[in-house]
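In the block that follows, a single chain appears as structure tokens, in the form predicted on its own.
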């Protein structure tokens, strides 16, 4: 179709394998199987990746090599010969390796190899906004928060009063964008094309949301919270809501749900919602409202901006990928799916000839659940080996893992990681449960490694 945007190499291989091969290998090849090259075609792929594909016979048909897959993320016009490269963030106090996914509003993800710290440094923490970033508070201590609705007594507290009146708590917890992994869906879903970088695990300090709600006195009619912040709609119209989501009272009362004022031991930066935000761990980051100014306790499920239609919702019964969804078949996305990443080495790592041991590190997390195991494969999933999985510091912390993998020879390898949660669910080979907004895309992470 004229004017259609080619969104990914996966879609190119599905719709036009010859052109996909031209994009990847720089020339057209005579092949009949999409994404899997044999004979002379295998030689072309070997040249393209820079070495012998050690487990080439196990490579699935239609698979875009990891050496090229992440390069294919940005959208490209049909006339372009190659996918565009990533745009890197230039923002005070932030690592310049973060990749910008959107400018209005500002959205930036963290490449997996930057998530190699036990605790994600603030400089490496991803950015997700929905509206205009408000000006930084001149006097953070006087910042006001109100709690009203289905409560016995309306509360109006400044940040200073909140800090003085309630017992502070600090937890290391994952915060993850609801659309993390969206770029893995085929066909492409709407929204920022996150890979795995819409997540980070930091130390959050604040007061338990449950303690504040208890002080206000929840009525028996209290069902759901509704969250509001001071960010302004992108249009600049103050009458329009930027985002207003909420959670069931049971989740709000979970001990780790915080009203936070500090990130990694420092006052919460403005870009991350300072001076006051919610941190609702295990659930989509949209519930962890930034620049928090009001919590409205409601007697029904909240219906604010971002709570209706397909926003932060996934299909109950599977739908046809790319099809028209029926809102009646959708439920709110609550606990995030299990996910693992390889944080060392980085995708595209090149090792010296003769290297026969590959040391790997990474992290895994699973929403409200725990991670029970992380397994690795270097032969495209034909066989799997376990990793050494660490224990979380507290609930909702990610779990670090490590492994040493034996390499049989020089050449090109792909390392795949697959996490399994405490309910027995594992990451899929390909993101399933397609939905229009692209939530829940948690396919296995894979990296390319070239030895010699």
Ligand SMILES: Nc1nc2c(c(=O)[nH]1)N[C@H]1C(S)=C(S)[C@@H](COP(=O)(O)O)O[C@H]1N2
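Residue numbers count along the first chain shown, from 1. Note that this is a predicted model, so its numbers are computed, not measured.
Below, we refer to the form predicted in complex with this ligand, which is not included among the displayed structures.
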| property | result |
| --- | --- |
| Residue 126, heavy atom within 4.5 angstroms of this ligand in the predicted bound form | yes |
| Touches this ligand in the predicted bound form: residue 339 (any heavy atom, 4.5 Å) | no |
| Any non-hydrogen atom of residue 130 within 4.5 angstroms of this ligand in the predicted bound form | yes |
| Non-hydrogen atom contact residue 177 with this ligand in the predicted bound form at 4.5 angstroms | yes |
| In the predicted bound form, segment of 374-382, 85-93, 287-295, 327-335 with a heavy atom within 4.5 Å of this ligand | 287-295 |
| All of 396, 418 and 445 within 4.5 Å of this ligand in the predicted bound form, heavy atom check | no |
| Listed residue (247, 243, 114, 162) with a non-hydrogen atom within 4.5 angstroms of this ligand in the predicted bound form | 243 |
| The single option of 231, 203, 370, 150 touching this ligand in the predicted bound form, heavy atom within 4.5 Å | 231 |
| Interface residues of 308-336 toward this ligand, as seen in the predicted bound form [heavy atoms, 4.5 Å] | 312 |
